[in-house]
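First, one chain by itself: the form predicted on its own, in structure tokens.
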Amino acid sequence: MKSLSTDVVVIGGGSTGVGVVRDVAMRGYRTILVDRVDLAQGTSGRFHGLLHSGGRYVVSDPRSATECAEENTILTRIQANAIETTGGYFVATHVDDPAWGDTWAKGATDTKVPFEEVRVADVLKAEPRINPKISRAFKVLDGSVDGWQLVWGAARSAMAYGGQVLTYHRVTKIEREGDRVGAVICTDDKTGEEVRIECHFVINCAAAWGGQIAAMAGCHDVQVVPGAGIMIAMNHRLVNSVVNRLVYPADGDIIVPVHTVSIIGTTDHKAADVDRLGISREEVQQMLDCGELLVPGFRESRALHAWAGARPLVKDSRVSAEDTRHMSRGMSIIDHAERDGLKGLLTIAGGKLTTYRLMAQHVVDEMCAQLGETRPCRTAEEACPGAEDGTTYVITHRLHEREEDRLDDQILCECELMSRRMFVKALADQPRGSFDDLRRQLRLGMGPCQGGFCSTRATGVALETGHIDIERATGLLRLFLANRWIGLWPILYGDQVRQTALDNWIFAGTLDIEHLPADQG
């Protein structure tokens, strides 16, 4: 068994977890983050890409609205390279009551969410594809955020301060020494090696899996409710600003422009199994119908990919245990010393990706208080690596980069303008990573062909450069395509059927990929 020692173990590599490990490291503690898979492979990588202005919650969850408004400004400054400042609108469609806008505007004023009521004609001029029957509109500071870029930026900041990040380290046990936490036991799923991490404190940031982690320390019945929902990416930007329906939060009431696509979201229901989130055809139809209300012709656009995520909602006694739509989006910290008599363990859940930094600040403040130390939080003051110049992301940024290196660097993925040099560097940085791990950082295979062309090119480059052998290459390619398929089959209609058929001819016909020898990746 491998042995490590640290002050604080952070469990969970989503936005909250990396926010916590960054904050802990910046306060001068030794810290290690562990996650059973790759960073942002759970909820933080499975959302609609919205950087909240707070407008969505001004009536339903005022405290969350204010927190989102404040953190929107901070994140745009400290993680500028992960954010596109698209702006956004709340619009009343022809089936919505325009008078509800008065309730919304009062809520926005009370919660200090910046907004401006604008003329319908000005909205239609800026976004000509929006439903021309809208009767009222408010402009807000919504934005678009690349969740993977944000998470990795925070992780690199933590590592710059001495923090360690161990992906594919699955927690199997939390050891107790009397009434205190003593160690976290993990299994390195890439090597099978068991790892024991001695520590003084554990912060459980496992999101929808938080109850399972707490139970490993003997702290049972932690009520983190997984609120599942699906999202669909359309194959181009139907709008360039975030567009929300001017209604009480409901299913399918947001369209977000993210990179080269538009994302419609989301449904909301309690998940029976957080590791098996289904995508029903009924939910797909519901999202397409909702999109049609905001952008007429939405159904005629090509649906590119569908996915499901699970929000880590804290059980709310005010609503039914099944009613995840109306549970609070606010954060909650569980002190297991008070609740279970176990010192050195905190669980944090709820919140939004937009408020991840604030969540981290609150839980690390609580940890410091329990340790009897005063170490101020500095995460709002210092930019993460890559965001130091304060320049926000723009959709054309890779086009400018490829114009600079087009003569000496091969493009592997035309849809996302990913170059050979980018891919080889990522391979070197993550030698044990799968192609899906690299996709999350590079957007490999996320364009209209969904990996139909670029995946084989990338596999060939990985072989040519000697990073992997032929058996592992085949296994990784198969796994990559299988994971892409999960988000394709629920939306197989129209042009997507034609693209999928072409990809199948390439892989099953020309390459005969099903009969190539391979390991398990």
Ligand SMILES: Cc1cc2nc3c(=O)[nH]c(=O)nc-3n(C[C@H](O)[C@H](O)[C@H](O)COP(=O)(O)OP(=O)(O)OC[C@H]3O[C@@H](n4cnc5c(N)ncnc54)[C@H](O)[C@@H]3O)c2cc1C
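The shown structure was predicted, so the numbers you read here are calculated from the model rather than taken from an experiment. Counting begins at 1, following the sequence as shown.
Beyond the structure shown, there is the form predicted in complex with this ligand, which is absent from this document and is the topic of what follows.
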With the cut-off set at 4.5 Å between non-hydrogen atoms, does residue 452 touch this ligand in the predicted complex?
-> no
In the predicted complex, residue 64 touching this ligand (heavy atom, 4.5 Å) = no
At the 4.5 Å heavy atom threshold, is residue 209 in contact with this ligand in the predicted complex?
-> yes
Using heavy atoms and a 4.5 Å limit, would one call residue 50 a contact residue for this ligand in the predicted complex?
-> yes
Looking at 37 to 45, 466 to 474, 22 to 30, 487 to 495, which lies within 4.5 angstroms of this ligand in the predicted complex, counting heavy atoms?
-> 37 to 45
Check 12, 15 and 169: does every one of them have a heavy atom within 4.5 Å of this ligand in the predicted complex?
-> yes
Among the candidate residues 291, 153, 309, 447, which is the single one with a non-hydrogen atom no more than 4.5 Å from this ligand in the predicted complex?
-> 309
Of 353, 264, 360, 113, the one that lies within 4.5 Å of this ligand in the predicted complex (heavy atoms) | 353
Residues within 4.5 Å of this ligand in the predicted complex, restricted to 91 to 113 and counted by heavy atom = none
